[in-house]
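Shown here is one chain on its own, the form predicted alone, set out as structure tokens.
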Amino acid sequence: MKLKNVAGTERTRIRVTDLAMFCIRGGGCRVAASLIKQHLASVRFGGDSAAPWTPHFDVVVIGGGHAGTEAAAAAARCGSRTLLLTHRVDTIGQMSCNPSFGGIGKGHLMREVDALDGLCSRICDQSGIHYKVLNRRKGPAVWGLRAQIDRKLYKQNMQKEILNTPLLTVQEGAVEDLILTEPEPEHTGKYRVSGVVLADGSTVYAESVVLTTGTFLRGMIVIGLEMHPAGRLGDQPSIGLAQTLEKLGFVVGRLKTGTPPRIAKESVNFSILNKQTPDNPSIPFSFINQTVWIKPEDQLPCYLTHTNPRVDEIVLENLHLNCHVKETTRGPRYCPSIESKVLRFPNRVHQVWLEPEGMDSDLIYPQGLSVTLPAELQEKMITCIRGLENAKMIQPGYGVQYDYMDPRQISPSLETRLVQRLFFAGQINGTTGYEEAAAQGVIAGINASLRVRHKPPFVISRTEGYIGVLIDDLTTLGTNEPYRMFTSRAEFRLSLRPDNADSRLTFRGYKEAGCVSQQRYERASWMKSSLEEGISMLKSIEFLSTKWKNLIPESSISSGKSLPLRALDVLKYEEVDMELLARAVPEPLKKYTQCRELAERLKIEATYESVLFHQQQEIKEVQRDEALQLPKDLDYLTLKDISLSYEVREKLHLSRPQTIGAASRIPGVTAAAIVNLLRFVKTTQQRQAAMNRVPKIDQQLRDTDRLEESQL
């Protein structure tokens, strides 16, 4: 189809809407594909191909939520000229649901995003109003950093960061369509994206496009029996883009989520409720921050209350007035609505956390009370709860239903397999939560930039981080309910701790992606060398256990048998920390207590020393499987050189695993199938190696003949 650009010249472009029309009229996408090849052969894109004032960027990111902001900032940090397109600039960084970040598993993701120089951790350290580490009763490998966040402050700080990021431009606009060009022959995919079409008909050209549309794809808000189109309360959904993706052939699913009502702060009787105070000292999210912006004594408390049988009665009596619950669309298993909890766990009492929304906010967020009943019934239910007898509801809770793409259609770099240079991140991939969105956003932004520069993708494996676990689960297993991160999803929890995310990812981000600043790289390098030096020093100091008992009498070291103990072994005792150890042996150890983070990390390294050795062996075995790459162009449905059942072939065809390790994690792919795949890969590699050796042997023979001739 011919479109006129602003200069008035004729340019041949195919939009997805046109492609769909050809698909329908031609009786199949083969007609459209043929037409694309005919009409797009002449399409060029770049600075020379468009009029001088036609917008052209390296990377375009669609959506200004938690995935979009991370993606846009990451692409810009990598050196790409980036455009962030959002419906409204004033909603960039908006916390649509709960006013908190982090938690068990989620705090790990935030530390890893920060290790790659992402934004959310630093912004949380500037915007939190209640910092607390969850799961303290267990080991530090599964501690969950969490903070209540001031909504207004977070949004202000995020917008300030985004609007001042070099190479990043922000523009208001709604994307309705994608511009396609002919695919690159060396990569998989039917088409290649080369830009976007906005609702006003204008176009923006780009080398890579990242979609981070959240709940906006055909979003529908539900309160009681009322439904109306919206991505979130007050914002219009994205209809055209959803239709575009469906017409392209993406497998689309439907999910739902919800949010609680908001309550007036002055109407709550806090005096009779269980009060929870923040940690002292507060632990920052970001590795480059020593402290958070606010002192513990100035932070706000949270309060705990519970539901009761009367709440259950109201829910059960009015299910006929709640179409969100009756929908077959799957909602979040681990953050369910109060209706779901009452139905799944009858006759139980459920926690409700009353969380402040900001330092100067008069709103309370009742965590655990997500509800979609009609507004008047929500208010009736709220006043049945202890401490909320006189509560005034300011905004009702509501449900959101939205489209998502089956994440098995994307690669571990988050690039789609169907459309080259198109990346998905966030809830569009079936996840739930700010942290999961941010983690995908930073990876998508990095890889969108690397793709422009023709560099290898930046992929984090399951053995390297929770981000790797998240993406591998999505791309290998898919999801039919909103996916949330937990520590239990990671096989190597003792190695993938919140404290060591910088040592796992910062150096890779700096060297391979260029997304890490010099300041952060130097900070991580200092910490790495200090840890190595400290551990070496602790291993070198050795006394008999009786002497250690005399030096540290408060320790539980047994003095029954006099055995040699290293300082590192002494540090493993629960009651011994670096401060205590340095008082016992001040001369070499005192300097390691001057940095709180270093002292804490030395303690953690000592705690896990013995078990980490065994886990590292397991990690190496997994990495060997991950190193066995499967050919990208394998046609599993027609491959004849390998014995696989049709069911296994279908699963492999759908998921397109890149390694033997990824194939082994696909449900339904049997151990026998993996063995056959492994045999096939090794045979293929040997055959390729033999073919590569033949030219070298021929060259050597020719060189020998020439030498003999010259000698004669």
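One rule holds for the numbers: they count along the sequence shown, beginning at 1. Note that the structure is a prediction, hence the values are computed from the model and not measured.
The protein also exists as the form predicted together with a small molecule; that form is not presented, and the subsequent description refers to it.
- Comment: 65-73 is the region of 661-669, 65-73, 643-651, 676-684 lying near the small molecule in the model of the complex, near meaning a non-hydrogen atom within 4.5 Å.
- In the model of the complex, at least one heavy atom of residue 426 sits within 4.5 Å of the small molecule.
- Looking at residue 538, you'd find every heavy atom of it more than 4.5 angstroms from the small molecule in the model of the complex.
- Within this chain, residue 466 is remote from the site of the small molecule in the model of the complex, having no heavy atom within 4.5 Å.
- Put simply, residue 85 is close to the small molecule in the model of the complex: some heavy atom of it is within 4.5 Å.
- Contact annotation: of the candidates 258, 195, 407, 284, the single residue with a non-hydrogen atom within 4.5 angstroms of the small molecule in the model of the complex is 258.
- Of the residues given (103, 498, 412, 433), 433 alone sits with a heavy atom within 4.5 Å of the small molecule in the model of the complex.
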